[in-house]
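Shown below, as structure tokens, is a lone chain in the form predicted on its own; questions about how it binds or moves come after it.
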């Protein structure tokens, strides 16, 4: 039993270390790779659990990658899993930023480094698009009208009306609270 838990903790740590070290583009990119690892490959989480964790990670204060690591680690192995996942997530950026800070002047003035980083932007955009489409298709598969309406309203509010994302998250959270309250009171499925 202890051996299995240690193996789970090691897998959490090394998976998050690898994902964090080799992904560029922020939290949504890391969440996409977390989904591939923990949902598709290891089957530790369901698609819906990952979707819920992504929403919680995004709406909580702090970096989305760390928030998602906290949730995935806690769900899979409790407090120790949370610690292992967070440590694996924060070590690569800390090491990279420490190195960059020492050699900042060289990196800032290097034309080739600037070109490489600019090229990575297109890859980041593709990964974020993949995550959005994948998670959006899950909402469409569920065929729950309220979820679809919230998704479309959030898109319209952001894209057409340029409403701050904080307000969109708060409104979506309010809809979720109302839905949970209605389901609890009347047993109605949204």
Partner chain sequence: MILFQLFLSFVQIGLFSIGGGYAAIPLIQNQTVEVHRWLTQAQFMDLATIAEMTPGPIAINGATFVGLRVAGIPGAVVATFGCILPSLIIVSLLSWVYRKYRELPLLQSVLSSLRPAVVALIAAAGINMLLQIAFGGREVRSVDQVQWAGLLLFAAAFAVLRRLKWNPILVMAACGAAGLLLGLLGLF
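Since the model is a prediction, treat every value here as computed from it, not as a measurement. Definition used throughout: the rigid core is the maximal C-alpha set that superposes within 1.5 Å between two forms. Numbering follows the first chain given and starts at 1.
A second form of this protein, the form predicted in complex with the partner chain, is not displayed here; the remarks below concern that form.
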| query | Is there any non-hydrogen atom of residue 24 lying within 4.5 Å of the partner chain in the predicted complex? | reply | yes
| So in the predicted complex, does any heavy atom of residue 39 sit within 4.5 Å of the partner chain? | no
| Is there any non-hydrogen atom of residue 161 lying within 4.5 Å of the partner chain in the predicted complex? | no
| task | Examine residue 82 and determine whether its closest non-hydrogen atom to the partner chain in the predicted complex is within 4.5 angstroms. | result | yes
| remark: Contact check, 139-162 vs the partner chain in the predicted complex, heavy atom within 4.5 Å, ordered by sequence, gives 139, 147, 150, 151, 154, 155, 158, 159, 162
| field | Per-residue C-alpha change between the shown form and the other one, residue 164, threshold 2 Å, rigid core fit | value | yes
| field | Cα displacement of residue 145 between the shown form and the other one reaching 2 Å, rigid core superposed | value | yes
